[in-house]
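Okay, so here's just one chain, in structure tokens, the form predicted on its own.
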């Protein structure tokens, strides 16, 4: 099974997990808003949970709670980001706040976040503590995204985006019973998260007028004085090389190795292809 097939299959499984989670909600209004917030996600982060868990010899069902919790947290973070950024469109439809109002979405997000952390608690206290710390990192990253200095661009990206890539990689160490590789897996997740956000910001720089750039994309543009291509190429190469080195230090099952190696290119080319821009940097 190649990476594309694995992703399609994982996305289907995660969608089923999300649907089951929503059906079990006891409050109809909360369920409806939660369903809207969690609709139509790419499920990249949940897929990472399945990939690393399987590569380390874990049973797929043991990764279900981590994949679900990761997607809940990611969806809640996007819903809150849209409020802060006044973004009215998310995944081709009105953002949740534009449908349900700011207050309701904030309240529902405040319901989803501890619910996800409660799901994570099945992996034990250490996994839960780390997850809380990673969620706090995303909050700090969101502040840096709005108010941070241009020269802190990479740190902003590590916090605001890579934290939620580190999460499923970290949880896979517990789901697979390979917690001795926790630190290595978190580093691998960080590398993938930085790659994802740097390419996402590159796409924004290419497709938007500089006056309309916000957050980390604006920081990238300002940091490089508009000459972002060479910077993005360099950082992509650096993080991809480091990521591959980490993979070589892990006892991966061979049937997963090629899929994991392909992840940086998969994420990068997927983002550029979705935006309809030609590859200018690789």
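Just so it is clear, the structure is predicted and the values come from calculations on it, not from any experiment. Positions refer to the first chain, counted from 1.
In what follows, reference is made to the form predicted together with another copy of the chain, a form of this protein that is not presented.
Heavy atoms of every residue among 30, 132 and 136 are located within 4.5 Å of another copy of the chain in the predicted complex. Contact check for residue 90: every heavy atom lies farther than 4.5 Å from another copy of the chain in the predicted complex.
In the predicted complex, another copy of the chain sits within 4.5 Å of a heavy atom of residue 114. Taking the partner from the other structure, another copy of the chain in the predicted complex has a heavy atom within 4.5 Å of a heavy atom of residue 145. Remark: residue 205 does not count among the residues lining another copy of the chain in the predicted complex, judged by a heavy atom distance of 4.5 Å or less. Only one of 205-213, 171-179, 79-87, 184-192 places residue heavy atoms within 4.5 angstroms of another copy of the chain in the predicted complex, namely 79-87. For the residues 72, 199, 108, 164, the 4.5 Å heavy atom test against another copy of the chain in the predicted complex is passed only by 108.
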